[in-house]
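In structure tokens, the next block holds one chain alone, the form predicted on its own.
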């Protein structure tokens, strides 16, 4: 990757935007997760209405080579429905919390989707042929009288319009007392883990009626509860290793070879707090909202409210890199606490070569950090710059004093417009950014 900050040889430009332009956004249309598959050819989004929309990358057209391939709707299906837990008198939302793709083994694609309680394994397959010439059925499907059949026909497969079908192959239910916040497919491609506020379970993809509880931090007396699990992920190369983060800003790495119940971690990552910067909000803003291993498996990245940290798995006492996402909000924590924005859970992602990272902010801004050059950039997902191939202009926030012409004041940031979910193509410089009910796709501009 040449550089995130718009160097001479690298700029981001607008490619597509999906979703309605309406000012009044229906709650059900708000995107709640975004995920590329392993090849980057498919891009899935889940929303608060329980729907999954999959976009497929179209190949570039030979006649117009300047138009690089676009993502178009491939399949849309209702993954989860609202439910009611009669025992606890609780409504279970249909909102899709996470989507994770499985590596492709055959012509079909498989993905896991989850709401607060139930995980489903979906098969997405294509059908472009149908059988014709049945002996016991007419062409319109009605049964024929067997006594009138005088000759046997051999059915043949005839071409038909392409149909993409989504069918639920497995339903993994009733294993979580609290809300599921993470699912992660293991590198053995046979198992996956699911995490809620207090427990992590390990599942086999073929077995739905039982899972192994591998982490349980629930105290005997709930009044002694001091932290919750906020995210969990399997190591990309070692199937016995996983990490989970907590609301206290710590990360625990566990090895399933050590014990069946991983209550005792192998490594404990925590940055010592600077006593001089301690405030009422310190504990809230240190809560980790996302943790992601690098593709190489050497590093992991964590996102807290104000920063992104990169940790070397061999060094537990402090991160090797810290990037400030929106430090200018430190003076606004009081009002962010009052409007509940301080509890927003921002996600983060790596590019394909682990050389750059991306995460979201407010005002539909998102941030990119180049790990090699240490340059960073703020870009905006907005309809204003959504002309085809339009270059994204870097945005700057003024923190007081005299505001320059291109800068935006901290006080005029819109905290209702937030980018919580982003995804980076595993091979190319193509990114997907969810802004409320719109999905923006940007790509690098080749000069």
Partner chain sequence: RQLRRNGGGGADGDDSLYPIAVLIDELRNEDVQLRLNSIKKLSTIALALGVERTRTELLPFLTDTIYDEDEVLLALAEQLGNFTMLVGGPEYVHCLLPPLESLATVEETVVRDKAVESLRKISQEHSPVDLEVHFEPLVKRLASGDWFTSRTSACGLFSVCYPRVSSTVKAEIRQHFRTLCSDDTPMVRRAAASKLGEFAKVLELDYVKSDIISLFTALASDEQDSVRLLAVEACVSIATLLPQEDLESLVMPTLRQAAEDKSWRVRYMVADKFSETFVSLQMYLCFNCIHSVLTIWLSDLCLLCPVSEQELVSDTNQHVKSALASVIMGLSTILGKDNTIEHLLPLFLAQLKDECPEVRLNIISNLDCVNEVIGIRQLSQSLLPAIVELAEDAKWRVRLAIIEYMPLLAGQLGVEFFDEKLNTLCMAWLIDHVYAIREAATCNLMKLVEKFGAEWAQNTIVPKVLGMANDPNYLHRMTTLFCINALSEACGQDITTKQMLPVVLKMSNDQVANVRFNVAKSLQKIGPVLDSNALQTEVKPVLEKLATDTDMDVKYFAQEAISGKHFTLINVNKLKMAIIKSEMHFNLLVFTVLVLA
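Residue numbers count along the first chain shown, from 1. The structure displayed is predicted, hence computed values, not measured ones.
Note that the form predicted in complex with its partner chain isn't included here; everything after this is about it.
If we take heavy atoms and a 4.5 Å cut-off, which stretch out of 335-343, 86-94, 290-298, 164-172 is in contact with its partner chain in the predicted bound form?
One stretch meets the cut-off, namely 164-172.
Is residue 261 one of the residues lying within 4.5 Å of its partner chain in the predicted bound form, judged by heavy atom distances?
Looking in the predicted bound form, residue contacts with its partner chain include residue 261, since a heavy atom lies within 4.5 Å.
Taking its partner chain as it sits in the predicted bound form, is residue 272 in contact with it (heavy atom to heavy atom, 4.5 Å or less)?
Taking the distances in the predicted bound form, the answer for residue 272 is no, it never comes within 4.5 Å of its partner chain.
Applying a 4.5 Å heavy atom distance criterion, does residue 134 contact its partner chain in the predicted bound form?
It does: once its partner chain is placed as it appears in the predicted bound form, residue 134 has a heavy atom within 4.5 Å of it.
Is residue 180 part of the interface with its partner chain in the predicted bound form - any heavy atom within 4.5 Å?
Residue 180: no contact with its partner chain in the predicted bound form.
Quick check on this chain: which one of 73, 320, 149, 222 has a heavy atom within 4.5 Å of its partner chain in the predicted bound form?
Of 73, 320, 149, 222, the residue with a heavy atom within 4.5 Å of its partner chain in the predicted bound form is 149.
Could you work out which of 104, 353, 307, 373 is the residue within 4.5 angstroms of its partner chain in the predicted bound form, going by heavy atoms?
So the residue touching its partner chain in the predicted bound form, by this definition, is 104.
Note that its partner chain is not shown here; using its position in the predicted bound form, name the residues of 184-201 with a heavy atom within 4.5 Å of it, in sequence order.
Going through 184-201 in order - heavy atoms within 4.5 Å of its partner chain in the predicted bound form - the hits are 187, 188, 189, 190.
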